[in-house]
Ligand code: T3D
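What follows is one chain in structure tokens, specifically the form predicted on its own.
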């Protein structure tokens, strides 16, 4: 795809989406948002894809919004930042959070502002040891967006979330793992090998079960215990009718590796 702002590679059931503006630390422009939406459309339409990985080209994952795109002359009216969120960031976060397949963010470098927060909408976050997360909004008089004020307190608690948002201090990958913001930190040169290995495992797994795990955990934070127990019951009833459940239990009893078909 040359210098396209988004690269999409599909192999062995895994879609690899690469944010491809390394000269700008993969910061978002309108063109990049549109290209990413198209790439995700293609991923969802390709029935061979059973896992999604998102990473960045070069030395950064994503530096958030490209502020060069928001430059105004002194006489211009101020921009409507809410319009940008409505049009691009909020649909992206909603889409990734509810994506029907397992999603992995491979954070290869700095993830700042919306670049840090949209990554949190993925199911698993792996980070290179040199990576860092920055809630940079307060430095320019803004509050976190792209889901940051929703994800952060749920993942790391109110105190840590406020500290990161108010101070805009960088959080190194090892500390992000320690406080529960991400799943795992790995050596820089091993990041993509490890992430792609996990993605291929997901691609060979029971996708209906994965989808229900995502859906049920997403609903669990708002449901009462009674409602969640009912949801679990309904999910198990549905999953118990799938080929992959029968294959999984048969393979367990036969002491062999299961061969899942997916949805």
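Numbering follows the first chain given and starts at 1. Predicted model, so just to flag it, every value in this text is computed and none were measured.
Another form exists, predicted in complex with the ligand; not displayed. Remarks below refer to it.
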query: Candidate from 156, 85, 124, 96 lying within 4.5 Å of the ligand in the predicted bound form - any heavy atom; finding: 85
query: Candidate from 63, 203, 32, 53 lying within 4.5 Å of the ligand in the predicted bound form - any heavy atom; finding: 63
query: Partner proximity in the predicted bound form: residue 9 to the ligand, non-hydrogen atom cutoff 4.5 Å; finding: no
query: Close approach of residue 177 to the ligand in the predicted bound form, 4.5 Å, heavy atom; finding: no
query: Exercise: residue 224 in contact with the ligand in the predicted bound form, heavy atom 4.5 Å; finding: no
query: Residue 207, heavy atom within 4.5 angstroms of the ligand in the predicted bound form; finding: no
query: Every residue of 68, 81 and 145 near the ligand in the predicted bound form, heavy atom within 4.5 Å; finding: yes
query: One stretch from 212-220, 234-242, 43-51, 23-31 that, in the predicted bound form, holds residues within 4.5 Å of the ligand by heavy atom; finding: 23-31
query: Stretch 129-148 - residues with a heavy atom within 4.5 Å of the ligand in the predicted bound form; finding: 134, 136, 137, 140, 142, 145
